[in-house]
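We give structure tokens for two forms of one protein chain below, kept apart as structure 1 and structure 2.
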Structure 1
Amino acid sequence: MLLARLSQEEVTGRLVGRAHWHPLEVLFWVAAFATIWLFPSKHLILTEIAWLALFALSLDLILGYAGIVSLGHAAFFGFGAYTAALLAKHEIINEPVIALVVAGLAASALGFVTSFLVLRGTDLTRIMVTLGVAFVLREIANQNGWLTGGADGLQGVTMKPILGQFRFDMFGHNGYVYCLVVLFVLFLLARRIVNSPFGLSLQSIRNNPLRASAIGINVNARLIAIYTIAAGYAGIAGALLAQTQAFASLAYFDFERSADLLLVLVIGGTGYLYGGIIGAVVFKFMHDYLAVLTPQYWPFWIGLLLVVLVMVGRERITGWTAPFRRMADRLDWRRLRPRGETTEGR
């Protein structure tokens, strides 16, 4: 209907327009990089935010864009973490960046293999299968203590300097810059992916798989592709954690990690790339605050938050970003040109 009245060029123009950078986005990343100099004493928690944001971004790719509910995303996170830690421990790949890429590729491979399991069935089946995959990996890591250190975790990992230049110092300065740069680069890639025709086709699959296949989209192939990519992202997030901590443990595979991740993403809002990052910031600071307040019982407050989020309605709570987006629209001179009635994101 709407599309029929648009010429090919107009469609392309609108798609390109969608992908333009908002002034607020630029501001966001300038602020993010400014934290390197502004808050040097907070670099340890900021590092955690950076890898958590990347992890949440990875879940957003499959949940927010492709509509796959996963309760076992920690499987890829842990797999990437163990890969990176083992590569460093046995001095197979000494350079952290190359090890990071390898860990990401390994997690992608795992994602590709397991993606066939999530294609079939309903949401419930997917939840079960993703849960099961994470449990199986955790068991494998647990049973092969000679390789992974079993329940004690993988100790004795020493990280070599990044690019042979920058040592992982104990205050986490270099580690933070490293994580932030990786997050930014992968964010750019994800931004490119979701704004491409491929990304749009994913959103159409999320909204209605049947109709998507009716207009000629190969649903399964696209889901496999995005699942593989997201698994690689999660693996890199895990590898970042393993590299900055010089440690890997079974807890990386835990169900709680996958569940917390869902909360992180939901706090920030699903289906737009900044959701995971904003959620990670809010979640980590909240966690930090609550953990000091009630060290043992903070899961209670996390649980309460989840219940309240659902009861009140996720849209209404994450709706607090809407005024900012409207403001951004007004600031944005490029928006003066005619646009379709859809707005970016949800």
Structure 2
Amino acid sequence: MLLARLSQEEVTGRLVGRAHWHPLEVLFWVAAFATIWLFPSKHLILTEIAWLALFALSLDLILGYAGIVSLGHAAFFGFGAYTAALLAKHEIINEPVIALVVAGLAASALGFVTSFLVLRGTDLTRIMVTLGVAFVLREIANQNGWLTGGADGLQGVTMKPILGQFRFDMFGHNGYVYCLVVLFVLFLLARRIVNSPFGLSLQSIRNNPLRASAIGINVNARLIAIYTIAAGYAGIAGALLAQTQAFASLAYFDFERSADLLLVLVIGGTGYLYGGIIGAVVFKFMHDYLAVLTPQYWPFWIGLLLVVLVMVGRERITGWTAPFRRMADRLDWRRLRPRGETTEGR
């Protein structure tokens, strides 16, 4: 209704303004890349955070922007991991970046094929279908041990140097830089997608699919498209894990991995891309710290965090950061002027 009362120029200006980089965003990524030099002893866990953040970002694309609930997103993660590991093990594609792209395309193809099943029925049906796809792929990998290694996992994977120059080291330095760069590049692409007319139409579908269909939006085509893209993102995240660890296992398909992913998004929030990244940071550091502090009871503390989030409310927590966001807004000279304010008035 608001957009209907605005002129075409004002609507265009508002949409362009959505794509502008906020100062806090710039600061966030500067801090992220600064960790390469500030925390060299933490690169192994930071590598895990990077691929988990990309994995969470892939789920946020369908859950936070399209409203598709999935409990089997690990299907694409595991498929991408095994694709990259098999390509390296059998020396079909030795270069990690090219293998990463191939793994993402393979997972996207799987996402496209299964999307027609996922989009049928209600949310409950989608949950069960996505879960079923992950179970089926896990069992296929388990029964074909001659190819996948079965329950023992795919071993003997030898990764070549990245771009022929940077070899994966046991301390995870090159692996972390590699994962962080991939995360940043794919984040830029996802940011462009969600701020495009296509991304806005997805939010319209999420809010009211019947109304979106009534105004001429091809609902199924857009859901299939974003599901395919999200599957590719998940496949690339899995390939990053397989490449940095030189190993792939059936655990990549497990329900627990998909459940942890939902937990990451609950912690960080959905529908604004950074939720998956922030949630991955909090989840991994909490997991690492609590697993050392109380090895048997660390799930209790993570569960307690979820209860606190529910009881306190995300809106109230967000309100605590409002002064910092207002200060950043004052520094952002590129933000759009309030409606009705002209250049002469300034």
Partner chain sequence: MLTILFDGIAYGMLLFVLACGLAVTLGLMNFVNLAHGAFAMAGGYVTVVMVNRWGVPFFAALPLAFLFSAVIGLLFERTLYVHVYRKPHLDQVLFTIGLVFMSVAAVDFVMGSQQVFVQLPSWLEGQFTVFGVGIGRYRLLIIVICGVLTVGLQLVLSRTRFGSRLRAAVDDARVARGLGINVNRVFALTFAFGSGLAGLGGALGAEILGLDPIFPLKFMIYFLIVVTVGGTSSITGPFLASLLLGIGDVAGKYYVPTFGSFVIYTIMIVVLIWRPQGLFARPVGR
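Under this definition, the rigid core comprises the largest set of C-alpha atoms superposing within 1.5 Å between the forms. Start at 1 and count along the sequence of structure 1; that gives the residue numbers used here. Predicted model, so just to flag it, every value in this text is computed and none were measured.
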Form predicted in complex with the partner chain, given as structure number: 1
After the core is overlaid between structure 1 and structure 2, has the C-alpha of Val69 moved by 2 angstroms or more? no
After superposition on the rigid core, does the Cα atom of Val282 shift by at least 2 Å between structure 1 and structure 2? no
Just grab the Cα shift of Ile302 between structure 1 and structure 2 for me, core aligned, in angstrom. 3.8
